[in-house]
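In C-alpha cells, one chain follows: the form predicted on its own.
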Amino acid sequence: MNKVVVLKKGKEESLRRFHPWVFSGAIHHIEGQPDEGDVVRVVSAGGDFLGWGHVQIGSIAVRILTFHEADPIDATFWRHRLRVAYDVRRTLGLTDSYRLVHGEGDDLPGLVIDIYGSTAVMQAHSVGMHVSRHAIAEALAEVMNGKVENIYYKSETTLPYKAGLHDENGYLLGGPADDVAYENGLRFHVDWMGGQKTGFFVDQRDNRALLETYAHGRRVLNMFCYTGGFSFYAMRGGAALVHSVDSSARAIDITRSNVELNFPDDPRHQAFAEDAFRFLDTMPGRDDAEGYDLIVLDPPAFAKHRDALHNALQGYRRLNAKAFQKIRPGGILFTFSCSQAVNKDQFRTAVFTAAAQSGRSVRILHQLHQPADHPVNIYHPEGEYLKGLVLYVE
C-alpha cells in the first residue's frame, strides 16, 4: 500500500516553490501508516503529486528528497545525488578536508558528510537518513572510487530523541584510521569519535585563511577555540603571540596537539581551559601593552531554536561588548554566529549595539559566511547559518 501524506487545501504552495520541508500543521491526514523514517508520497488536497520524502514525528514532518514523481529512492538515487555533490567539490578544487554533503544545500535534507583525507564522517539529522545509512555508505564508497577507505557514522547526538533509536556510533566501512588531516597545508587532529559535530569545523576554512593575512605581529586571542583552527593559522601568519581559550579541557588538549603538529615547541602559544566570559573579564585592557589586538569570537550556537532567540541576541551583545571594551586600539575583531535561528540582520544589530555601547569607532572590513562546500539551496534560505564580521576598532 502506498504511504501518502495529504496536505490541507492551500498548503502546497511552498512545495511548488521547491522548499523541501513539510510542516506538521500543513498535513490533513496520512494514509498507509508509515513508520517514522519511511519514504512517503506527498500530495496536495486535490491529489496532485508534490514530492517523495522522509516522514518524521515533529514540527518538520516530511523532508522532501525529490520533486520528480519518476525518481524512486533507491541505490541509483543515492549514487546520483552523491555524485553531483562530489562533482561540485571537485569544481571547487577541494581534495583534503571539506564537506561533501550539506543537507538541503545538496538536496539531501537531514544528511551531513565531511571528508578528512581517506575517512568520511556521516551524520544523520533525520530518522529517514538514519534508516538509509547503509545504502548511503555503499553509494558513497562507489562514488568516491577508492578515495574513501573508512566511513564513520556519528549520529547519536543529532538524531531526534523522540524517535527512540538506540543505534551506536561506529564504522560502516573500514575501521580506525590516522586522525591527522590537512587543510591549506596545515595539519590537525580530527576527533570524529568524541568531538563536536564531525570532529572539526570545516565551515571556517576560508575565514581561518583570511585571519592568517591579518595575524602578522599581532597578539591574538582565540575564544571558543575548540581544537585550535584559528590559532595555528594565526601562528603561520606570523602572530607575535596566540592564546587559545575554551571551557572544555579536552578541546584544549587537542588544540595543544594541533599547534604542536605544526609548530613544535613554539613558545608563542598558550592554551587555557576557562569560561569565556570569565576570561574576557580578567584579561588585559585596551591600554595595556599585554592586551590583544586581534580577537576571534566563534561561540557555539547560542540559539538552537527560535524560542531561545531573545537570550541568544543578549548573549551576542554581551560577548561582543566585552571584546570592544578590551581590544587594543587598531585591533581586529573576527566575530561569528552559527545560530541558524539568528539571521544576518539580527546578528549585525547585536554587534552594532555592542559597538555603540563601547563608544569606539568601528569599521566593517569583511562580511563573512559559510564556504562554498556548505551551499545554500536557493529555495531554502534557512540553510544560510554562518554569519561573521571582521571589524577594525580604533
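Quick note: we count residues from 1 along the sequence shown, nothing fancier. Keep in mind that what you see is a predicted model, and the values were worked out from it rather than measured.
Below: the form predicted together with ligand SAH, not depicted.
Shown without its partner, this chain lists Phe224, Tyr98, Phe263, Tyr153 as candidates; in the predicted bound form, only Phe224 has a non-hydrogen atom within 4.5 angstroms of ligand SAH. None of Glu149, Asp74, Asp275, Asp281 but one reaches within 4.5 angstroms of ligand SAH in the predicted bound form through a heavy atom, and that residue is Asp275.
The candidate site formed by Ser24, Gly37 and His125 is entirely out of contact with ligand SAH in the predicted bound form, as no residue has a non-hydrogen atom within 4.5 angstroms of it. Looking at Phe230, you'd find a heavy atom of it within 4.5 angstroms of ligand SAH in the predicted bound form. Taking the partner from elsewhere, Pro299 is found to have a heavy atom lying within 4.5 Å of ligand SAH in the predicted bound form. A residue is said to contact a partner when one of its heavy atoms sits within 4.5 Å of a partner heavy atom; Arg208 meets this definition for ligand SAH in the predicted bound form.
Although the partner is absent here, Asn184 lies well away from ligand SAH in the predicted bound form, with no heavy atom inside 4.5 Å.
Listed stretches are 76-84, 310-318, 193-201, 127-135; the contact stretch with ligand SAH in the predicted bound form is 193-201, by a heavy atom cutoff of 4.5 Å.
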